[in-house]
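The data below hold one chain only, encoded as structure tokens and taken in the form predicted alone.
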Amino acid sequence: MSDKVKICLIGCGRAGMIHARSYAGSVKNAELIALCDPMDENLDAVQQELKEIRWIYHDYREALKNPEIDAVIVVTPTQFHHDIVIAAAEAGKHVFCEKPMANTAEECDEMIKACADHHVKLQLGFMRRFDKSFSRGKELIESGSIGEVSMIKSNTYGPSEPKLWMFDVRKSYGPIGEVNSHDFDTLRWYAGSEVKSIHALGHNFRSPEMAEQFPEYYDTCTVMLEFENGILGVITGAQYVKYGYDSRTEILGTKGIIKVGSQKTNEVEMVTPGQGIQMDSMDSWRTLFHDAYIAEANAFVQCILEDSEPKVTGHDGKMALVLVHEGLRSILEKCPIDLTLK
């Protein structure tokens, strides 16, 4: 391999475009040379914006035959991740895979094994680990500045109105899958431990008109976690909050507290008669984590060139998926789940 990693993007939809823009010039030692998507309109949109992409494919199997490609970025619907990642590993291509990693923990294990057997890197797409504020939170935890960590609280609330398919939580998982998978990964990362037990509750507050057709749907949830090392965790999630995108975390220690994130999009405040204090709220996760996506991509390229362990591994992706599955099961069965029995 040369000193530049040549990239193929597999999946050119909305999320794929985020990665395409990063690799089109913001990632040192990388070059986006190929696109793959079965939909012509997706391919056309990327080409119109980025220009000069050397190879265009509709079938990932054909793309993987190209010896010029060193690594693939997999941003397809989840049901295709397993087959694409295994095929890429067998073709000797390094893999970055967006979350959720796969449909089941068993599929995750197969993907991890395939990448290990063929000596290629596998990094998962949890960009919060590369955000400056969230990274600083981890540094402060490890410094011991707040003493022993006792509890970690994290919330993610999204503004978007659910699409029709999302009301079937056995397919979408609801907020636990749609927005809180990042919180699960953040808490595991901050706690430095696996989860011992999980208890989740959910309720439909914002779409009561869908309750008869989708009685299991919930738009708001709270999740209580106990980690193997004794740390307690609380996650709250919600969809369709309308006021903006909201992602924050608190780490409580025996000597202090760390607060990560802000709902404000900038530090500008306006004060007017009768209106009080006004400020701009965060509009989207794409805005909040713009720089984190670029840092994530740079880290993936560097782990390939340096032959080092990815900062977010296949195991991390698998465990986030397990927690999403068990969290939904806890909501539907209305009971806590002991993960030590899994």
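All residue numbers refer to positions in the sequence shown, first residue = 1. Keep in mind the model is a prediction, meaning the values are calculated, not measured.
The protein also exists as the form predicted together with a small molecule; that form is not presented, and the subsequent description refers to it.
Across the proposed site, 156, 173 and 202 without exception lack any heavy atom within 4.5 Å of the small molecule in the model of the complex. When contacts are judged by a 4.5 Å heavy atom cut-off, residue 277 does not count as touching the small molecule in the model of the complex.
Taking the partner from the other structure, the small molecule in the model of the complex has no heavy atom within 4.5 Å of any heavy atom of residue 94. When contacts are judged by a 4.5 Å heavy atom cut-off, residue 42 counts as touching the small molecule in the model of the complex. Interface membership of residue 297, defined by any non-hydrogen atom within 4.5 Å of the small molecule in the model of the complex, is ruled out. The contact with the small molecule in the model of the complex, taken as any heavy atom within 4.5 Å, belongs to 125 out of 137, 261, 125, 162. Screening 220, 207, 78, 265 for any heavy atom within 4.5 Å of the small molecule in the model of the complex leaves a single hit, 78.
You can rule out all but one of 184 to 192, 129 to 137, 230 to 238, 79 to 87: in the model of the complex, only 79 to 87 has residues with a heavy atom within 4.5 Å of the small molecule.
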